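Next up is one chain by itself, shown in structure tokens, the form predicted alone.
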Amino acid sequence: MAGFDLSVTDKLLTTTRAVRKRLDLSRPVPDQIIRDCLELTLQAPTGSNKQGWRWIVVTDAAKRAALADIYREGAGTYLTESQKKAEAAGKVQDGRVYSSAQYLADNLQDAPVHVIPCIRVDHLPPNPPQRVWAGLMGSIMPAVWSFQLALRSRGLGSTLTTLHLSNGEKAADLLGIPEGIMQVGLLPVAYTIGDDFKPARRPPLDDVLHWNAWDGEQA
């Protein structure tokens, strides 16, 4: 054994949820907590050990408001229409997710911290093949997850969103992000209201597991 308390580790891994409606939008978040969590992301793996991640932390109220406007512009009517379709089809859980996402869109400016993970792309060849993009995302998403786990362990929540990327150039202009740096999302960060998060409902492992060869897909 490696000396870890598996019950604590497993709870952290299975209860780090996408938090939206339970973000405490009224409670300030100390800068140092964000720095501590981001410090841990520097240990995440990266392709070819290039360590190309970059992080933009936005606490300025005016810039958060502007990012929220960019986000809502990117979302358009997607969230409300998707919620209606899900509810009409009897997909209650999907409807709840879209409702939660719409709440976040409506209140994004009030999240005390916005964190935008980025990755360097100035070294990529023109029209890179699929394997390059796979490696690129594999060089930033582990760091994003490390950040979210670190937040959860300190009583904070987040959710990885991408809707603002439809107008990512506006966010780049707002924040002075140079060419060669690609935004991969936006995480609103806040303390959580309560701490009683539970594992999400997921399909059984055997429905998605293929051992040694692809053996078909469950209906």
Ligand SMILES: Cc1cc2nc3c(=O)[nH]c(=O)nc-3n(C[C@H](O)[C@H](O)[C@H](O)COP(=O)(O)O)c2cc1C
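Given the structure is predicted, the values throughout are model-derived calculations rather than measurements. Residue numbers here begin at 1 and follow the sequence given.
Form predicted in complex with this ligand: not shown, discussed below.
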Taking R64, V113 and L175 together, does each of them reach this ligand in the predicted bound form with some heavy atom inside 4.5 Å?
no
Against this ligand in the predicted bound form, would L12 count as a contact residue? Criterion: heavy atoms within 4.5 Å.
no
With the partner left out of view, is T159 within 4.5 angstroms of this ligand in the predicted bound form by any non-hydrogen atom?
yes
Any of the heavy atoms of L25 lying within 4.5 Å of this ligand in the predicted bound form?
no
Classify R202 as contacting or not contacting this ligand in the predicted bound form by the rule of any non-hydrogen atom within 4.5 angstroms, answering yes or no.
yes
Counting only heavy atoms and a 4.5 Å cutoff, which of 127 to 135, 114 to 122, 97 to 105, 80 to 88 contacts this ligand in the predicted bound form?
97 to 105
Students should find that, of L38, I56, L163, L187, the residue having a non-hydrogen atom no more than 4.5 angstroms from this ligand in the predicted bound form is L163
Give, in sequence order, every residue of 9 to 47 that has a heavy atom within 4.5 Å of this ligand in the predicted bound form, or say none if there are no such residues.
R17, A18, R20
